[in-house]
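So this first bit is one chain, no partners, the form predicted alone, shown in structure tokens.
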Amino acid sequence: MNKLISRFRPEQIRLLFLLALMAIMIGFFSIQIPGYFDARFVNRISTSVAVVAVLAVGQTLVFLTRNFDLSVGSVVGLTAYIVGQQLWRHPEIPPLAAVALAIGVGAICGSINGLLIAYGRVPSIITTIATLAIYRSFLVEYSGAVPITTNLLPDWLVDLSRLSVFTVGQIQFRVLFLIMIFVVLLFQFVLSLLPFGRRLYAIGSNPDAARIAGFPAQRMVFSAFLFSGMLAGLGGFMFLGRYGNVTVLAGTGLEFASVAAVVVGGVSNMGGSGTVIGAFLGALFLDLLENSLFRWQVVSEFWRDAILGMLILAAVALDNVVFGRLKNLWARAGLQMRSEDEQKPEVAADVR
């Protein structure tokens, strides 16, 4: 039994549980909604989930250090407007330069958050609520309440959300979806195999022990917010490419969506536990649920938001109660197996 438990970590069980829940949800709505899982719906989901999933990757890095970034929605709106305005005034700007500009704007915003939190020691929830309002106010003043519309943007950007790299049957693999997959795989690799990722987990698991071990905790927290800002900037470019129209309210609510995706995806709000793949699955689950509820006319818009809120509460409770016990069980099983392995040489010596 101990060997069976030790083969599956609680995080893996959490992901399997989420996949099973997603399969049940798809099965339910496929019965309730005629023509539910057609190619058009799949293409819509793959595009709509992209922005939130990219934000959730950055939010995962921050969560691992026991922090929050509630400013990402404002960073998305600010970045989308600045890039859109520059492309309006300078349509000759190449696509890669526009992406670099978006990431750069996001990096500036993320650096401000990181400096205040890592070196100024201001709690992250207070800092990012403040910068959420500051970045949004700056957008209002900077834009002068003049919106960016699709007729002002170059054709390549207007067509970006519908641009397919390749198709399988009627399912299109679009550019925004592939950008999201690249970001998810890249940061999953970073967290799993590189020292940067292991240090983030160590700092979130036990900050005091990490400092005693000599880990640069302040620099790591700053880096997490820097990357979160950069990914929010990339999300701003993707937001601009998807919608084309940008007002002062652009990106509002995305901070809630990204936090919800991370929590539902099994990233612990206490730090040191979770994966980028889990955050991506959380974003996919919530986007699939939201689009399904929108098509299922039985539920009103108010109850759609209420259901999402209840899911967050359920995910946190599940993480603290059920998977907390699973982690303790897994740890005890590992210790017992280790002690049994240490006793084996002594038994062999007695036989001789």
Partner chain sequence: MSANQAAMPAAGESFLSVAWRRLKSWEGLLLVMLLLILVINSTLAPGYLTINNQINLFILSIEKIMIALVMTFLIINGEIDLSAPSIMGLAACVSAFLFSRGTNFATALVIALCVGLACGIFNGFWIARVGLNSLVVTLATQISYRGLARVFVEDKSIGKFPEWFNRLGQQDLIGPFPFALLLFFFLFAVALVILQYSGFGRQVYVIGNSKDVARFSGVKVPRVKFMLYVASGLMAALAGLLLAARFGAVRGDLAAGYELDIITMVLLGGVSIFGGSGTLYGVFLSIMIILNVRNGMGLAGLSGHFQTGVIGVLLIFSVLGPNMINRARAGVSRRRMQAELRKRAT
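Positions refer to the first chain, counted from 1. Computed from a prediction, not measured in an experiment: that's the story for all the values here.
Here the subject shifts to the form predicted together with its partner chain, a form of this protein not shown in this document.
Heavy atoms within 4.5 Å of its partner chain in the predicted complex map, among the stretches 132-140, 81-89, 147-155, 204-212, onto 132-140 alone. Its partner chain in the predicted complex is approached by A317, whose closest heavy atom lies within 4.5 angstroms of it. Although the partner is absent here, V259 lies within 4.5 Å of its partner chain in the predicted complex, judged by heavy atoms. Contact annotation for G104: none of its heavy atoms lies within 4.5 Å of its partner chain in the predicted complex.
When its partner chain is considered in the predicted complex, L116 lines it closely, a heavy atom lying within 4.5 Å.
Remark: all three candidate residues (R121, I125 and M270) come within 4.5 Å of its partner chain in the predicted complex, counting heavy atoms only. Note on the partner interface in the predicted complex: the residue among W303, F294, F28, Y36 having a heavy atom within 4.5 angstroms of its partner chain is W303.
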